[in-house]
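This document opens with one chain alone, in structure tokens, the form predicted alone.
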Amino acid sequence: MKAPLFPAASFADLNARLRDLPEFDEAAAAAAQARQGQLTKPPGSLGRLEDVAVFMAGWRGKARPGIAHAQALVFAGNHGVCAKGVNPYPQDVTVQMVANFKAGGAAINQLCRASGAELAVVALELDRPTADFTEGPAMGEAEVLDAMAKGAEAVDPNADILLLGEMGIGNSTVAAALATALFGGAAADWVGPGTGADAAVMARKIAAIEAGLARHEAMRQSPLATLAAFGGREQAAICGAILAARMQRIPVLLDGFICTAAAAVLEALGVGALAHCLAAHVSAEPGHARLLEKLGKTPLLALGMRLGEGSGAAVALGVVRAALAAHDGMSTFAEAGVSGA
């Protein structure tokens, strides 16, 4: 077992630890691929399901992996940039929705129940929003590392797969700011309606991001500093959870635009930190498809969803379960007495 990544003393300390991440098990993947060639079907006829089965085998280190325990984590945070009028709903909604998650009344509760995932919700200092990134960094280095550590601590090492989602009024602006800072282009290229912003709110979102980009030009040279400049605690926690999952060789299903923008910070570090992650779906938020293209991730689903909460990841879990059920449960040509090619 490799040494844990957290607690980390600094961004430099964490960067140094990321040079030794667990890698894909090529032998297990090759065994899974060989099994796919022996199953009672034409080669490649299950399409992406075959790829998913081999992906899961490589990361779990088993030729015939299963999902006995699927964990879903939803991280919640509040954002100082909401002072700029970038959100159509008040920040109290974050607290209210966390209560709804815990009471079992949200979409993610039903979708996790349907797909067989155990849901946990982690609220991150909702009474203390991050700073307004148009006026200064959203978080300091210690705050980012603390939130990342909390995300890492929430990951169950016994999970076979991890689903990640978020909740936080204003965080579609944060996601668009991160995407713009990391990948360039105009803020307007990345900004979307989020929870239903009208034209005036959209204009304020763009203006806030442009102001933040101008203020934090120097911080954009380092991905973790970029996370500090623009991100929220829930984005930092998502990054920590992704890294903790990698250390345990747990595959990850990324949800929509906000979750993926958080994950993109890790990819920008250049250490292949998202190799164990699948894009669950492409959301209706316009920046998400572009972001997935930048990351080289092909989504499993395209259902026009834009809820967040990990909802797309919960639905995509059914696809992963189907892939593994076929991979493990089908007979080979020899077992079935069927003539092969």
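Numbering starts at 1 and runs along the sequence shown. This is a predicted model, so every value here is computed, not measured.
The same protein also has a form predicted together with another copy of the chain, omitted here; what follows describes it.
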Q. With the cut-off set at 4.5 Å between non-hydrogen atoms, does residue 340 touch another copy of the chain in the predicted complex?
A. yes
Q.
Test of understanding: in the predicted complex, would residue 183 fall inside 4.5 Å of another copy of the chain by heavy atoms?
A. no
Q: Indicate whether another copy of the chain has at least one heavy atom within 4.5 Å of a heavy atom of residue 200 in the predicted complex.
A: no
Q | Touches another copy of the chain in the predicted complex: residue 48 (any heavy atom, 4.5 Å) | A | yes
**Q.** in the predicted complex, the residue from 67, 275, 31, 305 that sits within 4.5 Å of another copy of the chain by heavy atoms
**A.** 305
Q.
Between 114, 214, 218, 188, only one gets a heavy atom within 4.5 angstroms of another copy of the chain in the predicted complex; which residue is that?
A. 114
Q: Among 287-295, 22-30, 312-320, 58-66, mark the stretch whose residues have heavy atoms within 4.5 Å of another copy of the chain in the predicted complex.
A: 312-320
Q: Heavy atoms within 4.5 Å of another copy of the chain in the predicted complex is the criterion; list the residues of 77-92 that meet it.
A: 88, 89, 90
